[in-house]
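Only one chain comes next, encoded as structure tokens, the form predicted alone.
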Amino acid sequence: MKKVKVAIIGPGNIGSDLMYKVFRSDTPEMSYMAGIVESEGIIRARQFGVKTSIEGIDPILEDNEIKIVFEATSAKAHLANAPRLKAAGKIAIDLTPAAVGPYVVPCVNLDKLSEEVNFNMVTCGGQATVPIAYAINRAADSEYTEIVSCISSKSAGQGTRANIDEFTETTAKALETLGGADKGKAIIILNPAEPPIMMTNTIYSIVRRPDENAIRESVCQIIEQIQKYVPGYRLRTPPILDGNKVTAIIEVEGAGDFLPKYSGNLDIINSAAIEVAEKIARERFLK
């Protein structure tokens, strides 16, 4: 089967897990892994026969066969890389909170972005909570949505820790622009518990049209859609209505491709990114 060549910038935990997910996809083909030092991720990619570079993105820009590029570095790095990738005709799938392109949560708005060249994957917390916020809003009209994303300290790498401010700002904005809330707020907690906890996300909404049955039906529908690309995504506590306040709790178990299964935070954003790449590949390059 014909595939579309892709590259990954950033050979850390996210980039390495992405590589494993690309390997088992029937649409993207892993072509290049780029970094700036001879890291474990670079060595690992090379051992799998993937071309590597420690000279940044220049070799990727020069390779005309590479059509899609995953950015798995930092918000600051993508702000610098984005215009260069665009000028080189590459489609960027951004896993940082740089917010260069439009926010993308596959089950919410991917079908509406057929002409974009830069896809911003929001944040791990955004991928986990925006769908629930969206489902609550379409059923009950949300005035305010607040999420608390709790992840294991062990699944928070350097990139996550360096982007805490961007995480909260970007996720809150996505709760408004995609989730439909008039006002959004995001909080992240790094939990050092042993054994490590699964990613857990609590979603609170204040709604104008409280209807518990309608809210539960809407949430269950969106969960079925997410589980098509994140099988470990599940309701821990179904939506509970108290007056005009809705509370729901989501748990995310990772697939265990490269990272431990408790790293659902990294797994969900990577799985969403692969979902985007597969759709782009099918619709733009494999017709």
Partner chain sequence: MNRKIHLIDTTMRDGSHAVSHSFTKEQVRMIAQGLDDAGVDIIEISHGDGLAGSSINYGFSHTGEMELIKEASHVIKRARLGALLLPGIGTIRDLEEAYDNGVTAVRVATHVTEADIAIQHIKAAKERNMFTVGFLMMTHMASPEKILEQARIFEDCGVDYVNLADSAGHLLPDEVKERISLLNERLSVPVGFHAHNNMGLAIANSIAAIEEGAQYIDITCRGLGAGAGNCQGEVFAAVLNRLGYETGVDLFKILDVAEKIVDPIMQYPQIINTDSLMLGYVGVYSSFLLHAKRAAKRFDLDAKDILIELGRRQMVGGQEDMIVDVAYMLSQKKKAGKVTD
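Numbering follows the first chain given and starts at 1. Quantities reported herein were computed from a predicted structural model and do not represent experimental measurements.
Another form, the form predicted in complex with the partner chain, is not on view; read the next lines as being about it.
Residues within 4.5 angstroms of the partner chain in the predicted bound form, judged by any non-hydrogen atom, belong to 180 to 188 and to none of the other stretches in 180 to 188, 67 to 75, 120 to 128, 102 to 110.
The partner is absent here, but in the predicted bound form a heavy atom of 206, alone among 88, 79, 214, 206, sits within 4.5 Å of the partner chain. The partner is absent here; in the predicted bound form, the one residue of 53, 227, 247, 39 having a heavy atom within 4.5 Å of the partner chain is 247. The partner chain is not shown here, but in the predicted bound form it comes within 4.5 Å of a heavy atom of residue 242. Residue 192 belongs to the set of residues with a heavy atom inside 4.5 Å of the partner chain in the predicted bound form. Contact between residue 221 and the partner chain in the predicted bound form is not found at the 4.5 Å heavy atom cutoff. For the chain shown alone, residue 46 is not a contact residue for the partner chain in the predicted bound form, no non-hydrogen atom being within 4.5 angstroms. Within 4.5 Å of the partner chain in the predicted bound form, a heavy atom is found for not a single one of 27, 30 and 62. Taking the partner chain as positioned in the predicted bound form, the residues of 161 to 184 that bring a heavy atom within 4.5 Å of it are, in sequence order, 161, 162, 163, 164, 165, 168, 169.
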